[in-house]
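Have a look below at one chain only, the form predicted on its own, in structure tokens format.
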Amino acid sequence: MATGSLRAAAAATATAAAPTQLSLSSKLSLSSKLPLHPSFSVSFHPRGGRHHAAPLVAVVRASVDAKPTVLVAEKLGEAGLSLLKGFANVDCSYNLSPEELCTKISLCDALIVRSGTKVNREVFESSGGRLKVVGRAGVGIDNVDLSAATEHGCLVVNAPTANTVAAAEHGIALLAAMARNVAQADASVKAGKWQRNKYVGVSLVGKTLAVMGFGKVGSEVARRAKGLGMHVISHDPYAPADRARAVGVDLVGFDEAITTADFISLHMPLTPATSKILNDETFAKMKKGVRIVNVARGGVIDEEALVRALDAGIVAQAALDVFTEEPPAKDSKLVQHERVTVTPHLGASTMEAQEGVAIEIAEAVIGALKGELAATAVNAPMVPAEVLTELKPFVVLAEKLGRLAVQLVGGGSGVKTIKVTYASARAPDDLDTRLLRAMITKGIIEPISNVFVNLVNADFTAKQRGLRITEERVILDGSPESPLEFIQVQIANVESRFASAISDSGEITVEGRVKDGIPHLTKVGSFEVDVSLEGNIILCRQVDQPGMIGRVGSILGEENVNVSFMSVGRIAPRKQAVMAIGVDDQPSKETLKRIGDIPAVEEFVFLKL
């Protein structure tokens, strides 16, 4: 236990149990495989922060024998392709039909798309589990089935920053071009006309612009609109008020935004909640003569309703870069409308943005294939780099404690209930344990399953295995410099292959700490030990008597098994003791038998890390 008094224990959270359970039959070895039947999706809610994540864990596994294969299904900048080709085999196959994509995908470790390729459930199912990362070269990910990706353990990353300025600039360009009838006047002059009176525009200065969605692009549009002398308001239920105030923008409700605005600029993602959010009902609430710009997603506007609003004079003008169907039909009433300015999805189409997006998505995909978790992951926790760096040794500790605990389960016991305790001097809201829980789940499931568990599918896999994982926080007195004092993993209602691993409360219990950046096993059952969690471990319970360390060490030495650490925890002198031995290699059965034949050894177990 940690020094310092215990002041409180936090409430537990749980991963709900499914009807099935994870069973360890007495006839089932720890290398046996149990099938997984994916039918449940889980989403992660990012903590936020514009940071890049540090290398952390093996989110995906690239082959050690050959380069991974990356399928680039839509045109990507040369700078990005060069990065990819330096790391992987790159297959640039554009304009694939859905059938062709499903055929190719089983040979690919990664897929990179833009907005034109639909990465649906069929694509993930066709990959046969090989596809480990999908990269969306851009911001929106509505063309990727995130639920299916999560179920299949596939990381999805995007490139949210490189084209931010380009999209914002295009939004402002459309705003000004619409206000001054630039496109219509240009077409008129080229047709041999000179209609100065027809194309009288409106001024931007002093007008109210409602920015609908105050994310990266929306906030950049707001900054530029402020520079044009506009009064800017915004609606975004997730935007921090202080960030809006810093730009000089007032956050308001949806109805207030659309009823008071002279101009409306759309910058929200396409979700079930935002689909056709501008429709007959919402157009009817707007100020007559409102002007609308959309450089976000076509589906957020009911296009037929917009035509009706234009014809009725509710909407004076619209400038659209995106459409529900792209390209739109040639006879589209919206596209052909005289008071509508259109561009063919050019928001990110600057030379600088194209190269930037290509580099950003290539780096994210390569990082994922190397086993790094990018801050641009959209279906896994996005954690600031400094938090990842601080938690890194504890993440390793968490996985190894889970791996040790499940290997201690014996007999026909079914693993159903796991309790994880985190001891820390930090406040409960200053320690995000999602990474740690995911890695404990990984450690528990992988030794007895053919499923590769990662941060994307950890909760889903636990659900399918029937595991109920609860978390408890123990708050310690003392300095909060280190995020954690110790992590304890307990498995309840099971038999143990090593009886001494059962604590006084009746659960298999293992506990560990990080010392000088290295994970250590510090408790087994009720016995205090101290052994580095590197290589593998032999646990022995013996009668505490002189010479035991030497006898066991000699046997291992004779068999050329290197001992890295050795620690003994005992109840009292000359009573029972547990010896934890760290070994670099797996001893032979004969070597382990020789250890077990020592008269003072009452039980022992070999555990693989």
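Numbering starts at 1 and follows the sequence shown. Predicted, not measured: the structure shown is a model, and the values here were computed from it.
The same protein also exists as the form predicted together with a small molecule; that form is not shown, yet it is the one meant from here on.
- With the partner left out here, the small molecule still marks one of 257-265, 397-405, 113-121, 517-525 in the predicted bound form; by a 4.5 Å heavy atom cut-off that stretch is 113-121.
- Shown alone here, residue 465 lies farther than 4.5 Å from the small molecule in the predicted bound form, counting heavy atoms only.
- When contacts are judged by a 4.5 Å heavy atom cut-off, residue 293 does not count as touching the small molecule in the predicted bound form.
- In the predicted bound form, the small molecule lies within 4.5 Å of some heavy atom of residue 137.
- Residue 348 belongs to the set of residues with a heavy atom inside 4.5 Å of the small molecule in the predicted bound form.
- 297 is the sole member of 297, 416, 207, 392 with a non-hydrogen atom within 4.5 Å of the small molecule in the predicted bound form.
- The single contact residue among 163, 461, 424, 509, judged by any heavy atom lying within 4.5 Å of the small molecule in the predicted bound form, is 163.
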